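Consider the single chain below, provided in structure tokens and representing the form predicted alone.
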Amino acid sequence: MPTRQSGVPTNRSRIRRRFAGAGLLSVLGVTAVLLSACSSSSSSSPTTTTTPSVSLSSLEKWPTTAVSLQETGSSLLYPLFNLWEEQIHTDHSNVTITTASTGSGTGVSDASNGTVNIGASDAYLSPGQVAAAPGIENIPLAISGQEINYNVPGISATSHLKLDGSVLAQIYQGTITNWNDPKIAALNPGVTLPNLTIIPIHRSDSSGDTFLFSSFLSDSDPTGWTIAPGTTISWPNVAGEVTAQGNGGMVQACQKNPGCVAYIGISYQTEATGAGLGYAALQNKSGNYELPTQATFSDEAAGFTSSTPASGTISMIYGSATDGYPIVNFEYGIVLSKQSSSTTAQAIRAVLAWAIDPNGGNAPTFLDQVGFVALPTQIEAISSKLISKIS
């Protein structure tokens, strides 16, 4: 069977129990993705229907000799990639994929410098990262989202507090410090909020989840939150704040700190709920409060499909969908288009093509286990063309 980093489960049932603690500290820095990059990528020329398509079947040609691949990065994508890896090795025993949950920043860095074959990231590549690694591609693999979790004694985990970007920005800046603050109470009429200090938790590693959350704060409250989005940012100093590594670390830290609020990837919802954490109904751009579900992820992403450029680089944060959840993103495979050998390139093409195939890795069999959503057909075509560049 394939090898994974120490302590990683080797079968599907154990993956769901064990990945919560798998985050590792990122040791390689990544250039912060600036808000201006987000704006420029969103306004890039959209893909047109005249763009020639690349069939998945032409890419899903598996090598016949033994190939070992290395994947690392996003802790949000990590549970799904483990499901993919197990199925791939079952179907193609000569293909071995070693996976690691190290944070999106390390995934981008390691893929860019050729340390690994596939990096995983919740954040798209910035122009600076592309310039620094010629031939680097960010390939959409699936659609995910991020929930806002909390540990508030007396509030049932099934009673979803309403929160918005302005309140969260003030919490993470230390200007709202208590759960019974009038601004939180105004969003939750009829709810008895405790006199309890809020403990904001943020990632200590270079994280795509931090990019997503800071992008949401910037987009939903541009005058109140002025820190540019990035995989690492200069967080305001807040009394009692806590840092954690990886999404699993965020779950554990929030469980241990009553009063906490944390941003955690959707693939950890089962673990977060099992730890007694609630998750918020988040206000979208239309003013509606939505829960993080596959349906609300689909609604939000649909509004961006036609404007996604051929590079696959786009922010899907705080869109205009009436029923959309406002923190939605592509999970990206970060890959150099030029690989060390033709056999390695063939294996990577096959792995990624299978991953986005609605009859393969993008099937509900896999995505439903982590709360992800399949790529729309138009995005599948974009990803297929990017995959076809790998040689």
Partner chain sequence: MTVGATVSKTDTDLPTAAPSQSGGGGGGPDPGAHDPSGGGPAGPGAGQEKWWRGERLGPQVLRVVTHLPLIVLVLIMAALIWKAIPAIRYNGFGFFGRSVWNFGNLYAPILHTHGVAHPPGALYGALPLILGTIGSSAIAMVLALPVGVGTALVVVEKLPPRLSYGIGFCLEILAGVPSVVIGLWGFLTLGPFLMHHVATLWANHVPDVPVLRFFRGPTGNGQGLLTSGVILAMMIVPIIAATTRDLLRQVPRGTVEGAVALGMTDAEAANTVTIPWVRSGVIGASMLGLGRALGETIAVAMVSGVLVGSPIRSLYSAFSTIAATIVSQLDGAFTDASGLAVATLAELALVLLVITLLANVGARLLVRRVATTALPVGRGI
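Numbering follows the first chain given and starts at 1. As the structure is a prediction and not an experimental result, all values here were calculated from the model.
Below: the form predicted together with the partner chain, not depicted.
Give a yes or no for L77: in the predicted bound form, does one of its heavy atoms lie within 4.5 Å of a heavy atom belonging to the partner chain?
So L77 does not count as contacting the partner chain.
Verify the contact flag for S234: yes if a non-hydrogen atom of it lies within 4.5 Å of a non-hydrogen atom of the partner chain in the predicted bound form, no if not.
Yes, S234 lies within 4.5 Å of the partner chain in the predicted bound form.
Classify H202 as contacting or not contacting the partner chain in the predicted bound form by the rule of any non-hydrogen atom within 4.5 angstroms, answering yes or no.
It does: once the partner chain is placed as it appears in the predicted bound form, H202 has a heavy atom within 4.5 Å of it.
Does the 4.5 Å heavy atom contact test between P229 and the partner chain in the predicted bound form come out positive?
Contact check for P229: yes, within 4.5 Å of the partner chain in the predicted bound form.
Looking at heavy atoms inside 4.5 Å, which stretch does the partner chain contact in the predicted bound form, given the options 128 to 136, 187 to 195, 314 to 322, 145 to 153?
This holds for exactly one stretch, 128 to 136.
Could you spot which one of T175, S298, Q87, T243 gets a heavy atom to within 4.5 Å of the partner chain in the predicted bound form?
Checking each option against the partner chain in the predicted bound form, the one that comes within 4.5 Å is T243.
Work out which of N117, N82, S101, S206 lies within 4.5 Å of the partner chain in the predicted bound form, going by heavy atoms.
Of the candidates N117, N82, S101, S206, S206 is the one lying within 4.5 Å of the partner chain in the predicted bound form.
Within 249 to 277, which residues come within 4.5 Å of the partner chain in the predicted bound form, counting heavy atoms only?
Result: Q252, K256, N257.
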